[in-house]
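The data below hold one chain only, encoded as structure tokens and taken in the form predicted on its own.
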Amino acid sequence: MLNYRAIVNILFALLLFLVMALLFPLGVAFLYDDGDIHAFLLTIIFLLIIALPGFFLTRHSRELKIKDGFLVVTLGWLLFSVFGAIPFYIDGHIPSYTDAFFETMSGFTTTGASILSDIEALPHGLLFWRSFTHWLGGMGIILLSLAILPLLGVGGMQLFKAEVPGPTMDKLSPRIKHTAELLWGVYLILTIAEIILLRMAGMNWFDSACHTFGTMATGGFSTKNTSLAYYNSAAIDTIVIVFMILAGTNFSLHYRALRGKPLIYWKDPEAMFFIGIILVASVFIGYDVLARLNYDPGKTVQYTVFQVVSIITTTGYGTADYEKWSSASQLMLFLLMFLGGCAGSTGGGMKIIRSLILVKFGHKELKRLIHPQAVLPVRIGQAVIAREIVTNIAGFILLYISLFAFGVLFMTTLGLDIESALGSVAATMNNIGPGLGSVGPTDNYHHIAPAGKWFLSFLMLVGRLEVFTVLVLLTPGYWRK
């Protein structure tokens, strides 16, 4: 039976945590005084009126089971988006609550899909909040809460399991709270490093922070209408490429590297497979672009590598309009959307480790046809992958593809052409942002019907929480005692 009192209590606690998060954009609003201070103040007051009494009235033991964890994590992310959208709506720059919710869900899930046509018209406080939602959602709202709010420590393992992306968990410490602190510590170190480097490369401090939030969370919200193409800087592109790759790599590897084991990356099969895919895709698209469009060779490398890394890490930043590239290059980018980053990274998609395990499994099955009596375990490095994990991955991908197919069908019923439907569903479900067709890198999602925006918001949540966590709530068995 679900522990409803404990679930409600933790949800109120998360709303109090949202109040703490809103203090940062409030400070930025005060600093720039662009007229958006009231939007944050009213939201904070409203949340305090709701959350403070609710939290104290429901306080008691918070022992959670895995079923409770699924519900807390899903509702927690949903509530953050529901209430996090209020400043956009109150301020008036996004007058439709549907659009405000879409933009906020896109932020927290690190998708980067936007309904805004003139991003630069937003006041600084809202621009900061828009990017800050990325940073909070990148490493995980619940994970951050476990790190700084001891009240979520009880039952923390169940929340950790339900939120951390990837088919396996890599605990850095026996205590979940300590693991959360270590992961967020690495995240903070890399964030500070990128902010400083972008400032040195020519951005102001505000834009450096906002673009770093988008990079480290693999989110993609920019403060400029033309994204990073606005700067036309090879130095900025290079810095962002490096940090997108770092953000798309398992953060437990970064922790171990910072502890004096820099060779850990080369010993990790998933990380090497990830880099290999980036190199192959960059060479393929680079050659194709150079041959067909006669770009300058240096610019070709800069644009193609940036776009490949941006798509496979599910960041979604743009420096070139890839819809002007050939169908072959666009198809390659479309396939990269589904691969995503490594397990334990901030990247979306199906995760590299799942693809690697399925490739290994397929190879072993071919061998088994020749040697039916042979014992042929699937190995990643020295580790033997249990049959249950392979089965879990196969089930995950089946659900993923089925939901993708249903999503495309649904979006076409709303009037989208097939290319735009494919692009919008792939871009939101894989938490990328820009897609193909009418939602390409130079377009936005404003023209999508309200029903489509709510559905795509659902896909963003499903993609960020790895399908099972959300869809299990829709099964009758979950609600039975």
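Since the structure is predicted, the reported quantities are computational estimates derived from the model, not experimental observations. Quick note: we count residues from 1 along the sequence shown, nothing fancier.
Quick note: we don't show the form predicted in complex with a further copy of the same chain, though the next part is all about it.
Student: Taking a further copy of the same chain in the predicted complex as the reference, which of 242, 376, 384, 401 has a non-hydrogen atom within 4.5 Å?
Tutor: When a further copy of the same chain is considered in the predicted complex, the option within 4.5 Å is 401.
Student: Within 4.5 Å of a further copy of the same chain in the predicted complex, heavy atoms considered, which of 293, 200, 394, 279?
Tutor: The residue from 293, 200, 394, 279 that makes the contact is 394.
Student: Want to guess which of 81-89, 111-119, 220-228, 327-335 is within 4.5 Å of a further copy of the same chain in the predicted complex, heavy atoms only?
Tutor: Going by heavy atoms within 4.5 Å, the stretch is 327-335.
Student: Check residue 272 for me: does it contact a further copy of the same chain in the predicted complex (non-hydrogen atoms, 4.5 angstroms)?
Tutor: Contact with a further copy of the same chain, no.
Student: Answer yes if any heavy atom of residue 284 is within 4.5 Å of a heavy atom of a further copy of the same chain in the predicted complex; otherwise answer no.
Tutor: Residue-level check for residue 284: yes, a contact with a further copy of the same chain.
Student: With the partner left out of view, is residue 11 within 4.5 angstroms of a further copy of the same chain in the predicted complex by any non-hydrogen atom?
Tutor: Contact with a further copy of the same chain, no.
Student: Is residue 478 one of the residues lying within 4.5 Å of a further copy of the same chain in the predicted complex, judged by heavy atom distances?
Tutor: Although a further copy of the same chain is absent here, residue 478 would touch it in the predicted complex, with heavy atoms inside 4.5 Å.
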